[in-house]
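Have a look below at one chain only, the form predicted on its own, in C-alpha cells format.
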Amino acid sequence: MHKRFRSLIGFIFFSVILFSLLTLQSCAKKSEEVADKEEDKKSQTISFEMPEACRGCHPIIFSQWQASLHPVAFIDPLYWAEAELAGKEAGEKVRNFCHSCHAAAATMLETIPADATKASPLAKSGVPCDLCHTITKVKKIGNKDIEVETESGTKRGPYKDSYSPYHLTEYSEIHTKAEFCAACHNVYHPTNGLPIENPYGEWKESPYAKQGIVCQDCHMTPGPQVTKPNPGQVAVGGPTREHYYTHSTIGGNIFITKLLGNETGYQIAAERLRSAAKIEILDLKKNDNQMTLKVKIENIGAGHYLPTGLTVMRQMWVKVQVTDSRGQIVYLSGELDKKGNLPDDTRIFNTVYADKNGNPTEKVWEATKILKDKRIPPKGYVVEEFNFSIPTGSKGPFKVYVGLLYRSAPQHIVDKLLKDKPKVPVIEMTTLTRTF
C-alpha cells in the first residue's frame, strides 16, 4: 500500500506538471495569436495610395517628385546591391532595416521579398507622396520612427488653408520642421546605435538652426541654399501662393541621377554641389626648389557637414596640379588612377568606420566605431598644406590648379557591386588657378 500510494502521488504530481506546461504553451500560443491579430488589425487600418493618384491635381509637384530620388529609393541599383550584400552577410533583419526607409510605405504593410523583381508596386515606388502626407508624428529622430494615419483619407502639409474635393486636408506643424526630414535621413546602426547618417545632428549644432533655417528651406526650394519666396500653385485650381515648397528634394547625388537618366535631378545636384564650398589660397611660395601651398576650404552653402549622408561612401577631396612653363606636371595630388581610384595620400573628406576587430570597413553593417571623421562643418573651414619639390630643370612661370572634387561613391565599390561597372561621375565643386 505504501509503494502504491507513493506511485499514485508521483503520477498526480507528474500530471499537474504536464497540465501546467500544456496550459503555459497554450497561453503563449494564444498570446502570439493575439499579437499577430493586433499586428494584422494595425496593418488593416493603414493603406497607402499610389503616387499616380496625386498627379491629376498636383501635376507640377508630381513631376518634381519624379525628379527626386524618393521614387527610386528602392530600385536604385547601387542601393539594392548593397542591401543584398548586407542581407547575405548580416542577415535578413539588417536588410529589412535598410528597406524600412527605402521602401518606406510598403514596409509598414508587408515584408519585402528577397527577390526585388517580386516586390509590390508600392515597394517599388520608394517613398511615395502618401507616406509623407499621412505622417502625424515623428516619435524620435532617425530610423523612421513615425506614426501615420490613413483611415480618414486626410492629407497633411504646411498650409493652413488647404482644401481639396478629393481628400480631407489638415495643417501639420511637423511638416514645417527639420525633425520631419530627420525621421528617415538620420540613420543609426540597428544593433549598436552608431550614427551612420547624421545630417540632422550636424544641422542642429549649426548657425542655420539658430537662424531658424530648416531642411525644407534649402532642399524644397528651386535653387541651391535658401531661395524664397517661390510663388506658384500647389494644386490645379488652388490659390497662387506667395511661397510653395518644391518636391525635387535633391542633395548631391550625381551618380544615381546620371545612371538612371534623370537629367533634371543630375543638374539640380550639380548646382547644389557647386554652391556649397569655396577655395582660397592662403600661402604660395617658392624657396629654391621647394614649394609650399596652403589652401583654405570653406563650407559656405550647406547647413550640414560637407560631405553628409552616408559619408563612408561619399568622397570629397582636394586635387592640386602644378605645371611649369612648358606645361609639364611638376606636382600632382588627388588624381584618379587608371581604374578610377584615389591614391592613399589624397586629402579626402569622409568617414572611416572600424569593425569589431578595429579594422577599417566600408560595410556599414560591420561598423562598431568611427576611426576617422574628417569633414567640414556648416560655416566652418579647414586648411590643407602641400609641400613638394620642383624637379631640376623646371622653370616658371608655374601654374597652380586647386580643385575641390566630389563623387557619390568610390569607383572600386561600384565595380564590386554592379556588374556593368558604370563610371562614377566626378564634379568640380569649386576651383582656383594661380600663376606665379
Ligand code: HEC
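The first residue of the shown sequence is 1; numbering continues from there. Given the structure is predicted, the values throughout are model-derived calculations rather than measurements.
Omitted from view is the form predicted together with heme C, to which the following refers.
Contact annotation for the candidate site: Ile112, Pro195 and Gly358 all lie away from heme C in the model of the complex (no heavy atom within 4.5 Å). With a 4.5 Å cutoff on heavy atoms, Trp317 does not count as touching heme C in the model of the complex; it lies far away. Heme C is not shown here, but in the model of the complex it comes within 4.5 Å of a heavy atom of Val236. Though the partner is left out of this view, Glu170 does reach within 4.5 Å of heme C in the model of the complex, counting heavy atoms only. The shortest heavy atom separation between Ser164 and heme C in the model of the complex is within 4.5 Å. Residues of just one listed stretch (329 to 337, 115 to 123, 173 to 181, 347 to 355) have heavy atoms within 4.5 Å of heme C in the model of the complex: 173 to 181. Of the candidates Ile279, Leu284, Leu342, Met313, Met313 is the one whose heavy atoms come within 4.5 Å of heme C in the model of the complex; the others do not. The partner is absent here; in the model of the complex, the one residue of Thr150, Ser275, Gln321, Thr264 having a heavy atom within 4.5 Å of heme C is Ser275.
With contact defined as any non-hydrogen atom lying within 4.5 angstroms of heme C in the model of the complex, Tyr406 is the only contacting residue in 404 to 436.
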